[in-house]
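Below are two forms of the same protein chain, given as structure tokens: structure 1, then structure 2.
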Structure 1
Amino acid sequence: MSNTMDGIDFAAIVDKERASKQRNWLALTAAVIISAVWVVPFYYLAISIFKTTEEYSLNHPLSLPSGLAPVVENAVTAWTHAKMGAGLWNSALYGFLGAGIAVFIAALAAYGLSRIDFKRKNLWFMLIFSGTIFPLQMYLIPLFFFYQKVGILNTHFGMVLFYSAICIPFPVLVLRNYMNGIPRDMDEAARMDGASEFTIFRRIVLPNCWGPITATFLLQFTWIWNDLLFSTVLANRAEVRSIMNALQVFQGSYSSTGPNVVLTAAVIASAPSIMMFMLLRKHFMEGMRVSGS
């Protein structure tokens, strides 16, 4: 019996469907393997914080804990020895002030680069954005000696100043592109009524940019919160250490407390940034969507 009827090759159709099913199974298998690779570290973290140091040392690292009570003892030990209260306060200070100042200045710069006509706008934009071209590590030595010379090494002001400056270029790129898409009709009408440029920025442009502003703020806040390199070099005293720097010192100085306590400290350190994303996730997703459109 022929597999072809009215010019239709049924055998080819069957082979194509079989090949499609095989590709689907391969894709599903790959997805399961990748998911397992991602889940295992979280599983290890989740069970380790509920173990005592003795239980962690004697049993297999992936074995289930005997109870839930040790997590409180681990948290108290981590909070006390790692001085997490000061580290969390410092990171929150650096994150909110550094990211907030950077995004505000970036919004002002983006407004000027997108809504005001003046000569060599692209040159000014490239000058601002050129700060992201070079590896950030190359700024370490000049910054260290400059901060030491002017007397702002190991100070809160020095860290906020650095984070505010280093976080400006990326928000400028995002906000400039977004502001270019906002119609200028209301700007011109406001100028005819005598409104200043700052009034137009504050009352017309800024309310339409809360989405990308929130997205860039969260991204810069997270980068500042997770920064270890610059906080270690520029703020290594206990009273100005960031939370990541405090974790590094705790891991090296109190390694005898056990990995379970160190992992508990890491969970506490990551909680504020996760909460920030959870609280502002609606605005963040809206900002990412409009920024990518």
Structure 2
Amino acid sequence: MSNTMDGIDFAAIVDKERASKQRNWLALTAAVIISAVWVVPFYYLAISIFKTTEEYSLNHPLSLPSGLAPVVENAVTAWTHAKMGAGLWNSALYGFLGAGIAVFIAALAAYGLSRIDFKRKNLWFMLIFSGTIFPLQMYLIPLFFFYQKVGILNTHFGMVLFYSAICIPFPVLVLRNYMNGIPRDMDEAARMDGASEFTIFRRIVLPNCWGPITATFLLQFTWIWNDLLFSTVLANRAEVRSIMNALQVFQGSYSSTGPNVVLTAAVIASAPSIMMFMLLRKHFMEGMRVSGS
């Protein structure tokens, strides 16, 4: 054995390593082309909101707009026609409360399922989780009649109740798995430190679950925000309808607005959930990791 480094050309080795990385050019080009195809609808959306109805109908749909100014008028038209202010407010209410309550209850359930010993734990879990197996549409008609009978059709309360309930099972699945990965030693240490069960939940387990909590909150928020079916059936009055429901005024034979206005409305309607994602994306990505360590 010899310890000398003579005869080894380190520069050549470095070059070779670098060259091997550059061979990925081909893959990169292919990726760029595929991405471009995928981006076309967004391009269409982005340019159309800057066109007047006239400009839109005269030119090719993918041609560039002549100026940026029409976007203001489009927005105003969209906002007033669809009463978007009320819609956005309602959707925000449903999204924040519905997803928030659902994730909090799910976290409590997940803590119980992962930490507390009781009989038939798996059965309870399967029972909760079975909520996600059936097609959601199945609930629609019974729910409508039930809501009508109880008198919570077309109410904020009814909507928040529905969204909270429907959004519980999935976070339970995610949070239970995540909490199972958080070492039990930690709760035991806290218990010895004098913490009650709820203190352990609130001060030890919950703060270590921010990742998956944010992730599931975001997913459920987006689902609620984008839901059209249930909000159309259960809350159709202008004062309680959601933003997605509000956009429906642009549909149908009486609608007089052009695609440019519809698209502007769509951009406004989707902005909040995109902003939420941007804001919480760090936690979201953390939450996507499976293990709890």
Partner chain sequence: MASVCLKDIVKVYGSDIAVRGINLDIPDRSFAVFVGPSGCGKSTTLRMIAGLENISHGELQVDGEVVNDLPSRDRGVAMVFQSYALYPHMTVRQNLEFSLKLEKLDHSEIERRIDEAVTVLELHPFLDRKPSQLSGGQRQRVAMGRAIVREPRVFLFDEPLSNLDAKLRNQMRVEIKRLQRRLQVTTIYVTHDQIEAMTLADFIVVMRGGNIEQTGTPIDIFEAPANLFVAGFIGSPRMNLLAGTAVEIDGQLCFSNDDFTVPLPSERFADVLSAGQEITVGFRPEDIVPEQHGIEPTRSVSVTGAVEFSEMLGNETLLFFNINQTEIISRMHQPRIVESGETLNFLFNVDRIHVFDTQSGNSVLSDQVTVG
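Every value quoted in this text rests on a predicted model; they were computed, and no experiment measured them. Between two forms, the rigid core is defined as the largest C-alpha subset superposing within 1.5 Å. Just so we're on the same page, residue numbers count up from 1 along structure 1's sequence.
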| item | value |
| --- | --- |
| Answer for which single form is the form predicted in complex with its partner chain | 2 |
| Displaced residue check between structures 1 and 2: residue 31, CA, 2 Å or over, core reference | yes |
